[in-house]
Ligand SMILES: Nc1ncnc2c1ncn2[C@@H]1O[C@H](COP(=O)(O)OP(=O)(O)OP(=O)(O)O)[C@@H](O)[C@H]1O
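Next up is one chain by itself, shown in structure tokens, the form predicted alone.
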């Protein structure tokens, strides 16, 4: 197995607000190697996007970040702003979920991609423009020479997302973080965008961190999966571990809420009762306990003792943070 290019150890993110300290990410760990895809999944508010923003150094000034973020062994947390800017967009880049907000409406898309290249390379405007056209063509923008002079509002949602991907890839980054890259796109365009990411990853050997709530997309492209809940890791393993041997009731609940064609249809999809907790509201016990259907099988331990990620016997690197001694589906 290749050495990880990005390693995150014991990442904590806490926001200082008028109401006090609000923990958003509580000690997560993950790693991704060149050419591999790690998917981070969970409901809104689980800490997925905050984690990725922390890795990129894009959090606001009221956020405190601790832990380790290593890119090729180099610590990113605490780097001076000028050094971090040399790395961000060059060695590690990000595709944001809202392409229209990520693009400047006052400049052509070709200019914006070219400027992302010039920021990290001492080249002429002409050469940067040629590089921008090359990348726009590579991500599937038709007639890239002409469309490079178009503005973001002249593109469809899917085409704007391709432009954002071109901007992220223009410097051949070692790591690409894609935060909900198919949000608000129709199913056909979603498939095109994911195929595009898969193609460029294969061509450049890029390590991909995919932030998503769409388990269908995750099943299609991921090698490893990290399931997050309330800012913590609930389960971690290969995509087969999560989809075929889910060990945490929350992961099983997410899978149950996903439409499937390989099993007899049910009158209604399974849902997870309740709502996710607000950040910092649960300080003891398992954060999923108020919504869990298996608490009665464990007892007070779920309320008083916080479960840590524990290896699943005989299942390699598969880990789950649950006091339940057996796989939930076995007990249904």
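Positions refer to the first chain, counted from 1. Predicted, not measured: the structure shown is a model, and the values here were computed from it.
Just so it is clear, the following notes concern the form predicted together with the named molecule, a form of the same protein that is not shown.
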property	result
Proximity to the named molecule in the model of the complex (heavy atom, within 4.5 Å), stretch among 303-311, 54-62, 289-297, 28-36	54-62
Distance check, residue 324 to the named molecule in the model of the complex, heavy atom within 4.5 Å	no
Residue contact check: residue 50 to the named molecule in the model of the complex, 4.5 Å heavy atom	yes
Close approach of residue 45 to the named molecule in the model of the complex, 4.5 Å, heavy atom	yes
4.5 Å heavy atom contact, residue 24 and the named molecule in the model of the complex	yes
Residues in 194-223 with any heavy atom within 4.5 Å of the named molecule in the model of the complex	213
